[in-house]
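A lone chain, given as structure tokens: the form predicted alone.
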Amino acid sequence: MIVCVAVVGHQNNPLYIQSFTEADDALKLHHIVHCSLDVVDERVNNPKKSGLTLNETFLGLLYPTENYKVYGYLTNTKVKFILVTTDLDVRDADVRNFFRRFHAAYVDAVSNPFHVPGKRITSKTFAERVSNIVKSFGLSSAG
């Protein structure tokens, strides 16, 4: 189950953070997202150590914690997408599919002429699309 998704700008400024759990966990999830940015920077700045190619946008598992797994994705414009899940046996194909759909929703949101680049995403349509993507996570592999 996905418990948090985040969009972080190229200067590590939060553009969108949504948690899908009780309010008690929200601060902890924000902390996990913030800590994952160090891992993203390390992988991007040291591609030889992480085994990433220059055109790879899916960063894979950033780090596991006791209760969560954190995955990352980097766009061509250096915007980072972070996914925090409680499922400890998630397939990479499902996560890649999630990020592909999430990226499409993000592109639609920032293509809005009323959106100011680099500012928080406040679109209700984007929030609804993200919620639908989160609800459908992992369902394609069940059938």
Partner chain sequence: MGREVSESCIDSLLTEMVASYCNQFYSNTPELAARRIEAIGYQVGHQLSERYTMDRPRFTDHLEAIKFICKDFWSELFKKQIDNLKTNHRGTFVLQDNKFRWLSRISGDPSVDNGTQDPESKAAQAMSMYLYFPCGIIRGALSNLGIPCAVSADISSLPACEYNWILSPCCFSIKYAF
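Just so it is clear, the structure is predicted and the values come from calculations on it, not from any experiment. Positions refer to the first chain, counted from 1.
One more form of this protein should be noted, the form predicted in complex with its partner chain, which is absent from this view; the next part is about it.
- With a 4.5 Å cutoff on heavy atoms, residue 108 counts as touching its partner chain in the predicted bound form.
- Looking at residue 41, you'd find every heavy atom of it more than 4.5 angstroms from its partner chain in the predicted bound form.
- When contacts are judged by a 4.5 Å heavy atom cut-off, residue 104 counts as touching its partner chain in the predicted bound form.
- Shown alone here, residue 75 lies within 4.5 Å of its partner chain in the predicted bound form, counting heavy atoms only.
- The stretch that touches its partner chain in the predicted bound form, counting heavy atoms within 4.5 Å, is 114-122, out of 114-122, 85-93, 62-70, 28-36.
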